[in-house]
Structures are given as C-alpha cells and as structure tokens.
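Below, in structure tokens: the form predicted alone, a single chain.
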C-alpha cells in the first residue's frame, strides 16, 4: 500500500490507482505525532508520499510558527512513523531551498541557502527526512501548475482568470523558473519509486522562462486578446522575498536512467487542455 498525505492538493489530484490510500485533513492531521504513528501502524504502508505542506510563500513569511509546524514538525512526525514501520518515504521539496543566484539552473548537489521562511522550513524538512528514514526519496520541484480550474490557485491559474477580463497585464520579468505540470511530476514520482533508487532528485519540466515569458506563452496558446507587459518585481512588493532563479536541472534522474520530463511549453499546452483550450 502507498499512503499519500495532503492528497487534496494540486499534486495529489494526479495520484490515483490500486493500492493508493489518499488522506488529508480532517482524517489525518500530520502535525499530530500520535495520530500519525497510529495511522502508519494501522495501515503498514510500503511507501508514504508526504505531500502535505504549507506552500503559500507569503503566509509562511507572515506566520513562521505555522510554517514550522506544518513543514518541519509534521515532516518529523511522518519520518519517525516511517522509520518505526520500516516504510519508505517520499518528501516533495522546492527549488526555493536554493538562494536563486544561479540563472543557468541548480543541480542536486549545489549548495542550498534559502532566502525566505518557506524555503528554510522545506530545507529543514529535507534534513529531517535524511536523518530519520534510511529508505527515502527527496524530490525538489519548481513553479508547479495543475489541478484545473477547481484546484489551480497558483500563477498559471491566476493568469488564466485575469486573461478573461481582456485587460492589459503587467508581469514580472526578473524571476526565472522551471514551470512544472503536476501530472508530469506525478508520473515521474511513480517511476522513481518503482525504481527503488533512493536519494535526492530534481523533477521539473525541461527548460526555463521568466514569469513574463510564461504569460506570453499562455496568451499565444490560448489565443487570449490581452497585452502583457514586462515589469520588475519591485512593482509588486510582497511579504516574502523570492529567489531570482528557481531553475532546476534534472541531473540525477538522467543518471538513474529515468525518463526526463518534457519541455515546459509542451507541458503547458497539455495542461491547458484541462481548462478546455
């Protein structure tokens, strides 16, 4: 059996199949160590996919104690229960564990150095998993998109909604990342865990772009009649600092002989089919 926490989130939308037990609040509160231990002991999974996290970067900055509880304490609870049950664990992390000063892209062995609370708590979660669970996968990803109109709350979903208004859009052009389709990521997680090759990996659709370039691609692929203008990130001050680069290179997937994710524009085109484009 495979247990998935945080299963109602974007990535969990694409994780289905025989032998998969999907759970989320209120049935399992991963911040409750006793509840997690009892749950794992009762179900005895072979693999625990730990997706539950606080991913709102600005909320993490405003509420660091909550970010610590959800991203670190909960991960410690799951890791401890997995270690006791001799269960493998997969932890989804983020490109924001890096400082963002490498526009060419980060490989798995590059030095970390997060610039915000979200990145610091996710990095702390990685460290907990490495120290606690011998059989673990840590998978970092970047600029996730997915879930369709009902679930998509991030950049792509927000832009698609704004484009319906037909007005001009101003989009940041000094932040670069690797847009990643959650459906493609879910398939990569499946293949990785079936391989049994434990370790730390990057999983992102190939290539990179700025937010502005992503917005331009959206207008081209949807045929939206809106003008998109590049602006600096200083035009949109936010509580949490963002790294300049969240570009990930999938070096370890290649070394393991696992399929790489398709280019981001191709993935974006596939995702737009979920929206009816």
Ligand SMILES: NC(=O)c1ccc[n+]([C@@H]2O[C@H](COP(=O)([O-])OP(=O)(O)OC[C@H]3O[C@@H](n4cnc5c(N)ncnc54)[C@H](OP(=O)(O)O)[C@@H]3O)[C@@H](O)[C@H]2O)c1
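Residue numbers count along the first chain shown, from 1. What you see is a predicted model; the values in this text were computed from it and never measured.
This next part talks about the form predicted in complex with the ligand, which is not shown.
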* Asked: So which of 52, 247, 215, 67 gets a non-hydrogen atom within 4.5 Å of the ligand in the predicted bound form?
  -> 52
* Which pick from 118, 181, 98, 137 sits with a heavy atom within 4.5 Å of the ligand in the predicted bound form? -> 118
* Asked: Looking at 234-242, 37-45, 52-60, 217-225, which lies within 4.5 angstroms of the ligand in the predicted bound form, counting heavy atoms?
  -> 52-60
* Site check 132, 201 and 258: each within 4.5 Å of the ligand in the predicted bound form by heavy atom -> no
* Touches the ligand in the predicted bound form: residue 11 (any heavy atom, 4.5 Å) -> yes
* Asked: So in the predicted bound form, does any heavy atom of residue 92 sit within 4.5 Å of the ligand?
  -> yes
* Is the gap between residue 25 and the ligand in the predicted bound form 4.5 Å or less for some heavy atom pair? -> yes
* Using the partner position in the predicted bound form, report whether residue 144 sits within 4.5 Å of the ligand, counting heavy atoms only. => yes
